[in-house]
Structure formats: structure tokens, C-alpha cells
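Take a look at this single chain, the form predicted on its own, given in C-alpha cells.
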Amino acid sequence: MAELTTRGGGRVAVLKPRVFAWVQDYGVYAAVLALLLFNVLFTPHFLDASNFRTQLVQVTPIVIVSLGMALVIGTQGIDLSVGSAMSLAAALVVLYLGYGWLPALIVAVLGGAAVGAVGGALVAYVNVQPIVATLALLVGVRGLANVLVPQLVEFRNPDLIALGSSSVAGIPVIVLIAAALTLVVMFVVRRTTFGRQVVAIGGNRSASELSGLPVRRVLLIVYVISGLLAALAGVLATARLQASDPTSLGLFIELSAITAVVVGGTPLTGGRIRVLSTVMGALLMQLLAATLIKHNLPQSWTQMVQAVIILAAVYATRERATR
């Protein structure tokens, strides 16, 4: 009997880490598939093209911000300033719209990159903890955006409005932009020296420094990319709304982005970046919120379910890392 128990325990011990690994690698895909199946069976009009379009358009800013957040978390960092970078971009784009939509877009994106550069410099060169550095920027940059544009400002620039509302072959342009950015980030992470350096730094920063990798420069670039993508998301959201509202735009989006990254299987301890799974994590959270709303459940239910999913994802990542 003792021998049988030992063997049985051994099989469980071997199976358990495989289960956690599967959950981390494919759990988000299974969850999205299950949620889609549930909605097809029980949610009226879920298969309508207009519904799919709405869901994709709503999740696009989160996807774009999450791409930058995944890179930051891959280095064992965190970027809480992305929502404020969106807010600053919304303020800058409307302030410079008189010079044309393209110059305004460039200025807005450069503003977000500057926010990322400040955060990256504090983390890489001053050795401030990422959560502290970006928390300070979260507060300060949104305050700056509110000073620049203290209230909601509507605009009628047809080119900028078209950026947020036009479609190609029935697919919204902003969704196509998010898809293109996803492919670019995937290529960078998987096929470039910079991507391998990001993963290596997240895996072991000290060893990376000893091996001669440009750790500080890579960290700075990662935060710049995060700020740039957040600003682009802010411009696209502003174009879709046809109004600039720095007070509320991007509010708490950093939490949504972190959730997407973690649920997608990227560990908070760094050393691994799962780009496509991050996108699926954002889609999962969007579908979950939409499903509960369509079935007349309060917002509090969405928050509680999301909390359970986050805890499960973090636990699966932790268990895999300790084995």
C-alpha cells in the first residue's frame, strides 16, 4: 500500500507542474473560446457584425497599451504612467490640431515618449523602483494634461475623425493599427537582438550586466516604447470620441493593461514576454465585461470575476516558476 501511495503521489507531483504550465501557456485561449461559446449559445445577437465591431473597437486602446506594458513587465518592471501618457496625448493633439492632424499626432506621440523617457531614466539611471517612478508620473503628468486642457474640448477635424471612425473592408482602422502593432512587437520580441536583451534582463539583470549587455539603454528604450504606445492609444481614443477629455481618458487603463499581461501568462518576475497571449488577455477581459453587462449583472460582478482570474493567473505563474 505504501508503494502504491508513493507512486500515486509521484504521478501527481509530475502532473501538477504540467497542468500549471498548460494553464499559463494556453489557459487564456481556452477561456476566450469558452466565453465565445457561452455567448453564442446564450447571448442574443452576439454574432451580429455590429457587436463584434463594437467589442474590437472598445478593446483596441487596451491592447495597444498592453503591448508596451508586456515589454516593461518582461524586464521585471511596471509602468503606472500609461494612462497619464494617454491623457497628455489627448491634450497635445487638440492643442496642435491647428497645424494639421499629422503634426498634432506626432507631437502627441512624442509627448508620450517623453513621459516614458523620464520614467525609464529614473529606473535605469537613478535606480528608482519602477512602481515609485511611474506612480509619480501617473500623478504629475495627468495634472499637466489637465492644466493644458482643463475641460472637454470637441473638434471637427475630418482627417483625425476619419482615423478613429473609418474602416477598410469593414474592419475599423484603429483595429488594423492594433493588429499591425501586435505583429511588430511579436517580431521584435522573437526575432531581434533587442527583444532577446529585454528577456535576458528580465530573467537576470545582474547576469546581463556582467555579460556586457546595455542594460540601462535597453530599460530606457522599453519605457519609451511603452509611453509612445500609450500616447498613440490616447490619440486613437480621442479621434474615435471626437473630443479631448484629459480628465477621464485613460483613467485606470494601467490596471487593465497589467491584467491583460498577467492573464496572458507573462510573469511579473520578468524573463518572458507573451505578446499574442497578452492580446488574448485583453480580449478575455473585454468579453467578460460585455457578457456580464448583456446578462444584466452589475459592474461589481465583473470586478470580482476579474479579481479571481488575476489571482488564478498569478498563482499558475508562481507555481510554474518555483518548480
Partner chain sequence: KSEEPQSAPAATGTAGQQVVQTPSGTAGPTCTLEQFGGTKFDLKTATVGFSQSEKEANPFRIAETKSIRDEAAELGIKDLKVTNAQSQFSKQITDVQQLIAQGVQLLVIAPLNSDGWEPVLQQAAAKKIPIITVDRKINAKPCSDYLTFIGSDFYEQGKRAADRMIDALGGKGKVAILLGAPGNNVTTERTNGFKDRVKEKAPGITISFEQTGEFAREKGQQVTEQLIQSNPDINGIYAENDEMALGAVTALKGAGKEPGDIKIVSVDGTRSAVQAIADGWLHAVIESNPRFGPLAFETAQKFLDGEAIPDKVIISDRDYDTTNAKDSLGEAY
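Just so it is clear, the model here is predicted, and its values are computed rather than measured. Residue numbers count along the first chain shown, from 1.
There is another form of this protein, the form predicted together with its partner chain, and it is not shown here; the text below is about that form.
In the model of the complex, which of the listed residues (V218, L152, I106, A117) lies with a heavy atom within 4.5 Å of its partner chain? If I apply the 4.5 Å criterion carefully, the residue I get is L152.
So which of L163, M186, L241, I177 reaches within 4.5 angstroms of its partner chain in the model of the complex, heavy atom to heavy atom? Selected option: L241.
Is S277 one of the residues lying within 4.5 Å of its partner chain in the model of the complex, judged by heavy atom distances? Close contact is absent here: in the model of the complex, S277 is far from its partner chain, nothing within 4.5 Å, heavy atoms only.
Flag T182 as yes or no: does it have a non-hydrogen atom within 4.5 angstroms of any non-hydrogen atom of its partner chain in the model of the complex? So T182 does not count as contacting its partner chain.
Although its partner chain is absent from this view, report whether L297 comes within 4.5 Å of it in the model of the complex, heavy atoms only. Yes.
Taking 4.5 angstroms as the cut-off for heavy atoms, does N39 touch its partner chain in the model of the complex? Although its partner chain is absent here, N39 would stay clear of it in the model of the complex, with no heavy atoms inside 4.5 Å.
In the model of the complex, which of 223-231, 166-174, 106-114, 87-95 comes within 4.5 Å of its partner chain (heavy atoms)? Flagged stretch: 87-95.
Out of 165-183, which residues reach within 4.5 Å of its partner chain in the model of the complex, heavy atoms considered? The stretch does not touch the partner at all.
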